[in-house]
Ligand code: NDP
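For reference, the chain that follows is the form predicted on its own, supplied as structure tokens.
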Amino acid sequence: MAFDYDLFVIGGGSGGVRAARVAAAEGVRVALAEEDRYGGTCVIRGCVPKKLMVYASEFPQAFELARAYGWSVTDDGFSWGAFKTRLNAELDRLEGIYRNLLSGSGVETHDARATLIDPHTVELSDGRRFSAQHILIAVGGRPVLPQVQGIEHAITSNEMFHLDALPRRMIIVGGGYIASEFAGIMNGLGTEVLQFYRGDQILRGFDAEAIEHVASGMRVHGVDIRTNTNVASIEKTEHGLSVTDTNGAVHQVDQVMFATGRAPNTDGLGLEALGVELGRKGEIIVDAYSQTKVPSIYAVGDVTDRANLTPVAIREGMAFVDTVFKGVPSAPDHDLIPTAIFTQPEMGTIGLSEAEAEAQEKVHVYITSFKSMREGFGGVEERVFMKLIVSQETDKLLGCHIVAPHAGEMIQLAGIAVKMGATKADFDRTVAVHPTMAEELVTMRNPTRSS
């Protein structure tokens, strides 16, 4: 059977675009359909605009530090309108880059929604149909709202980048990295922030001691974290929103943002009728090589709900091309993924938490906490926290957790060592770079405790 294309990609985010480009470079006939903006969650409504907002929100503390260092700084206040204009222009520029990369690679693009008709045929929202030997689904995920009275008055992280004005007071609901990051962002931009989380501590799943350090730092910065608290109802009033929490307290705010879960964008794609297996949340079930139960259909990225991170989606897309078009079966590696949480203070982490490691074997735990030179001189009451978890049997690093300015930059490099199987002895043999914060990673000599 002659196909219109060798590969049809549904979804123009990081994973789909990378797979399409790399495949086209191998001489594969590739088409890609995207119903929204190119770049996906990360570029358009996630990592990139969020990180730019993080940068913007950090300037008040930077101004205070500058004054402590002898600079005369005039702070005329933050203009959300000016920032949003620049932000939108930057996102337009990045989307243009994605489009140009695809066209430059020879990928045919269709600005339309695509659904599956059979294992080798897609139909676009304009009625056209195309056949392909292989179909790759990379449609990502979306934030979801819970069933709460008055939920129609709330927003998700998607809308945070399009606010007409900054709220004076807002509630952010959730304890994951999206909620915790936006709590710091909005607080830094001058909004009074209440963060509700139904559990005992935010950032569940990360190392408990590191999380405690993050939460403490957020409170010092001014975020009012309310654990064991959720939203019971939201009512629109003449002056904003009246929110009743699950403890019976009533809060008058301008905005409520929920970051309490995400769902894969599989609704209406026609997958189940073809025999593609979906999980409880609607995620596409794939094997180690990103192949579904329908041999011609593959899926990568957040739609598979494996490790929902942009670099992971890119790796999965490249592994797909290696497997299907280069004849080199490649299973994407989801083990020991370094991660940064851009809270304020920032956190970087890789590997096991102390609790996870102790459940497996006996470990040594190394901890250091100190004031960084820059912040300490400026009178900032914030301490750096670093933690290494080491196997007693093999001396290998099982986990590394950093809470500090630029922790994300540090964990990227530390992650290489941990991924390579570095031992504590390897760290001890490494000469420190002085004066830096990161030098403390190689100068911790004696365990703080052992299991």
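Residue numbers run from 1 along the displayed sequence. Treat the numbers as computed from the prediction; the structure is a model and nothing was measured.
Keep in mind that the form predicted in complex with the ligand is missing from the display, and what follows is about it.
**Student:** Please check if Gly184 has a heavy atom lying within 4.5 Å of any heavy atom of the ligand in the model of the complex.
**Tutor:** Judged by the heavy-atom cut-off of 4.5 Å, Gly184 is well away from the ligand in the model of the complex.
**Student:** Ile135: heavy atom within 4.5 Å of the ligand in the model of the complex?
**Tutor:** Answer no; every heavy atom of Ile135 is more than 4.5 Å from the ligand in the model of the complex.
**Student:** Applying a 4.5 Å heavy atom distance criterion, does Ile178 contact the ligand in the model of the complex?
**Tutor:** Judged by the heavy-atom cut-off of 4.5 Å, Ile178 is in contact with the ligand in the model of the complex.
**Student:** Would you please decide whether Phe342 lies within 4.5 angstroms of the ligand in the model of the complex, comparing each non-hydrogen atom pair?
**Tutor:** Yes, contact at 4.5 Å.
**Student:** Verify the flagged residues Arg204, Arg262 and Leu309 against the ligand in the model of the complex: is each one within 4.5 Å by a non-hydrogen atom?
**Tutor:** Looking in the model of the complex, the three residues Arg204, Arg262 and Leu309 all sit within 4.5 Å of the ligand (heavy atoms).
**Student:** So the ligand isn't shown here. In the model of the complex, which residue out of Gly174, Pro167, Gly351, Gly188 has a non-hydrogen atom within 4.5 Å of it?
**Tutor:** Of the listed residues, the single hit is Gly174.
**Student:** Within 4.5 Å of the ligand in the model of the complex, heavy atoms considered, which of Asn230, Gln291, Ser125, Asn158?
**Tutor:** Only one option qualifies, and that one is Asn230.
**Student:** Tell me which of 320 to 328, 356 to 364, 266 to 274, 334 to 342 has residues with heavy atoms within 4.5 angstroms of the ligand in the model of the complex?
**Tutor:** Residues of 334 to 342 come within 4.5 Å of the partner.
**Student:** Considering only 196 to 211, what residues come within 4.5 Å of the ligand in the model of the complex, judged by heavy atoms?
**Tutor:** In sequence order, Tyr197, Arg198, Arg204 come within 4.5 Å of the partner.
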